[in-house]
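Presented as structure tokens, the chain that follows is alone, the form predicted alone.
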């Protein structure tokens, strides 16, 4: 049995629905299908989930935007009409949207999550209905019926362990099962969504639960590239990666996968294949548990902007018991999560995503650090970018750091921060955002050309 997930671009319109039906028909093992909400049909288009979020915001402000509402309904109406589906399909989709709108208007708990989930729910209802018109035994399976139990954390749900035993029961069902991604239910019955991009999480959870032989994730690219193609033209394609490598790459700016998505599949050691809906015969990229044989030690270069460096210096910091804990406790109390914390004898840097530390909160944090920790220096440097070299076995290979440093020198880029720590698969560099492109191009030339 294979679990197949189709992303937003794969269910963007009626033609794409027909296309993925052909992909499902090409392999009888593709028995469990997970779908995203309809994505962009063209560059200037708006994703269905974004429309639902905007509608929700307008309702929260007591000014429901009827134009956005009609736009959402028309999106589903045109698709169901073009696919020649029964009117009941559109009626069901519309009634679920209307129910979520009513919940939000009456300020019910988790109502915004219920509204956000309507895109995926609509995709699943349409695909299962269309499969039936093509002569297949198919059924829509709500995540509650599938057994996807999650924590009650709106917009950031975590799957519960008991879900996997419940999901295994799907193997007994007949025909093709279509499950909407992105959401699950609490044990009390409340609908809660995963974080954005969570349909990938659903696919991974379902693949782990049914113990699939393969989890196929269809998107709009032929494979994972070793570097952002927006920075480097025609970069090398990666035919295989390990889970650890993909996790590092996803975290640091690779947009193919949500960075939490592979964890359930990783735990069950289920291989994952990323494929292109528009080129289903392509090899794609395999993501596996064990290191594939290859000569390269660096397999990818990930990069992302939008960081800041909180720098703290204090003489004899290394002898002060609990200094690091106290510093991080201040951040915790101010509800600021951090990414990395490289340190020296008398100084410590904390790398934070800029949106986690607003300009208003910045002065309060700095004042607390000065007063409570009696530091010599504290400053914040914004507009930072992180570049990550990724590859299992890098820490056992001599010369990676020196090659990287030479690449930065050739690009005339100053390294503001370097951190490898205990990671076996990545080495991270901090630079100013305006130097990101030049640094990545030079690193690509060094390690891949």
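In this text the structure is predicted, and so the values were computed from the model without any measurement. Residue numbers count along the first chain shown, from 1.
The same protein also has a form predicted together with a further copy of the same chain, omitted here; what follows describes it.
Undergrad: By the heavy atom within 4.5 Å rule, which residue out of 65, 392, 50, 416 makes contact with a further copy of the same chain in the model of the complex?
TA: Of the listed residues, the single hit is 416.
Undergrad: Here the chain is shown alone; which of 213, 86, 332, 367 has a heavy atom within 4.5 Å of a further copy of the same chain in the model of the complex?
TA: Contact with a further copy of the same chain in the model of the complex is made by 332 alone.
Undergrad: Using a 4.5 Å heavy atom cut-off, which stretch among 133 to 141, 154 to 162, 119 to 127, 96 to 104 contacts a further copy of the same chain in the model of the complex?
TA: The contacting stretch here is 154 to 162.
Undergrad: Does the 4.5 Å heavy atom contact test between residue 113 and a further copy of the same chain in the model of the complex come out positive?
TA: No.
Undergrad: Even though a further copy of the same chain is not shown here, does residue 420 get within 4.5 Å of it in the model of the complex, heavy atoms only?
TA: Output for residue 420 is yes: heavy atoms within 4.5 Å of a further copy of the same chain.
Undergrad: Classify residue 59 as contacting or not contacting a further copy of the same chain in the model of the complex by the rule of any non-hydrogen atom within 4.5 angstroms, answering yes or no.
TA: No.
Undergrad: Flag residue 406 as yes or no: does it have a non-hydrogen atom within 4.5 angstroms of any non-hydrogen atom of a further copy of the same chain in the model of the complex?
TA: Yes - in the model of the complex, heavy atoms of residue 406 and a further copy of the same chain come within 4.5 Å of each other.
Undergrad: Is a further copy of the same chain in the model of the complex close enough to 174, 281 and 287 that every residue in that trio has a heavy atom within 4.5 angstroms of it?
TA: No, because 174, 281 and 287 lack any heavy atom that approaches a further copy of the same chain to within 4.5 Å in the model of the complex.
Undergrad: Select from 311 to 336 the residues with a non-hydrogen atom within 4.5 Å of a further copy of the same chain in the model of the complex and write them out in sequence order.
TA: Heavy-atom contacts within 4.5 Å come from 311, 315, 316, 318, 319, 321, 322, 324, 325, 328, 329, 332, 335, 336.
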